[in-house]
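Quick setup: one chain, the form predicted alone, written in structure tokens, and binding and motion questions come after.
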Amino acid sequence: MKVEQTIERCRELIAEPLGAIAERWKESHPGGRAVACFPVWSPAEVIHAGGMLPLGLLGAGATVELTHADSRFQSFVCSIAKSSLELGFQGLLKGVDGLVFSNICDVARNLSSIYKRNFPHFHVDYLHLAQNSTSGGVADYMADELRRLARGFEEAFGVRVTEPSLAKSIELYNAIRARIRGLYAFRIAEPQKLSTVELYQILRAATQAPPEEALSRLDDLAAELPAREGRPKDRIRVVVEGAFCEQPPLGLLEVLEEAGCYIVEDDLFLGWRWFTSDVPADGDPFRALGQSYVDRAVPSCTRHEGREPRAKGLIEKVRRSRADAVIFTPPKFCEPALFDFVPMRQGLEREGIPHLLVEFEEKMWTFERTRNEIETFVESMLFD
């Protein structure tokens, strides 16, 4: 079936080094530039509007050994920062021209300067994301930051990011995000037909391909998936929360599903699906992106939201997806996720929503203890 072929192509793509993907794209785009973005929020539209290839810098998982990066960080730093830096030391980003980081946490903030110091040949920019969502000037501030980012690309690479080209890129990424929202809605409705392991591979491949190619692949899946066969199983429906930045090992997602969970909502890959609805393509596109960062944002631990309690977005996610429980999956040493765990847990307890905490790191390779914890949690709900 075409669905299986498409998912297999996604598996092949995400197994390739990021640099190899960039170099292959450049073969058909002479003089082109590739820019990789560290999660959580990725300004892919601005990169694409300059004729460049946006890519997701999502760490290396278990594919590389840390032989250099450990000496540049403290021991209590998250795995994704170390493995992302290691990609540079091992030459696996050869072909990538620029890197964009932002102030999603202290580690990401420092990773920008560490890359600049160790790899001066990269164009490295740091996006100062607004943290005070209640300010009346936050949309204009974000628009100015995006314009500054665009000027940096123009000076470094000689490209031009015009308002018409940015408006077209916004329309393209609106279409991609709409297809992704469609896949998420499909999984909520029929999780037996689309596993989260498969959806994860599909979404990760979308961050490592030209957006036009990603959109075509997502269109194919939207057309083919409804006819896919899948027998419902006796599982609980869960929301996975906390894996917004460091990517969980596929083995962990597999264990969650094998242990009796349908994952019906998550916060994976927020960099490519930050907006909950279409960004307006008319008017000033920079300001439209800035305003959308404020008003169309997926709730995340990486940004203080002063307008509503932190648990509200998570509870809405549980209700919308008809989930039975929440499984918190913060990466080890992830301060934003661990800081927000307490108020979110308190909110769930007030609503009577069961929850479980399972920490991970991207190089995790054994899951037996985790499997036992999840199976016990599932059984306590199924047979209560």
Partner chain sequence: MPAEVKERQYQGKVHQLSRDMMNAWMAQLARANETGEPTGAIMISGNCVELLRAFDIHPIFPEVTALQNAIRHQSLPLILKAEEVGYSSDNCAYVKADMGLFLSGGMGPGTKMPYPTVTLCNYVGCNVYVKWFEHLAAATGSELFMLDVPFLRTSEPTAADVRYVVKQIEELIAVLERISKKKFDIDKLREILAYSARAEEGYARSKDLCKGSPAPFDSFFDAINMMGPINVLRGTREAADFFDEAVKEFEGMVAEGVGPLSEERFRMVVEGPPPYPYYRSFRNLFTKWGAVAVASTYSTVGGIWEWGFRHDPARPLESIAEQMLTENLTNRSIVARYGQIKRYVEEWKADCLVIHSIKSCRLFSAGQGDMREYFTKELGVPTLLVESDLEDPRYYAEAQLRNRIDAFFESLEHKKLVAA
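Positions refer to the first chain, counted from 1. No experiment lies behind these values; they were computed from the predicted model shown.
From this point on, the text means the form predicted together with its partner chain, which you will not see here.
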- Query: Counting only non-hydrogen atoms and a 4.5 angstroms cut-off, does R148 reach its partner chain in the model of the complex?
  - Reply: yes
- Task: Consider D340 of the chain shown here, and say whether it contacts its partner chain in the model of the complex, taking contact as heavy atoms within 4.5 Å.
- Result: yes
- Can Y126 be called a contact residue for its partner chain in the model of the complex at 4.5 Å between heavy atoms? yes
- Query: Does its partner chain come within 4.5 Å of any heavy atom of D282 in the model of the complex?
  - Reply: no
- Task: Please state whether every one of the three residues S71, S135 and R345 places a non-hydrogen atom within 4.5 angstroms of its partner chain in the model of the complex.
- Result: yes
- Item | Interface segment, criterion being heavy atoms within 4.5 Å of its partner chain in the model of the complex, picked from 115 to 123, 193 to 201, 282 to 290, 269 to 277 | 115 to 123
- Could you check which residue among K94, R181, H304, R228 gets a heavy atom within 4.5 Å of its partner chain in the model of the complex? H304
- Have a look at D234, E155, E212, D106 for me and say which one sits with a heavy atom within 4.5 Å of its partner chain in the model of the complex. D106
- Task: Residue by residue through 318 to 335, tell me which have a non-hydrogen atom within 4.5 angstroms of its partner chain in the model of the complex.
- Result: K332, F333, E335
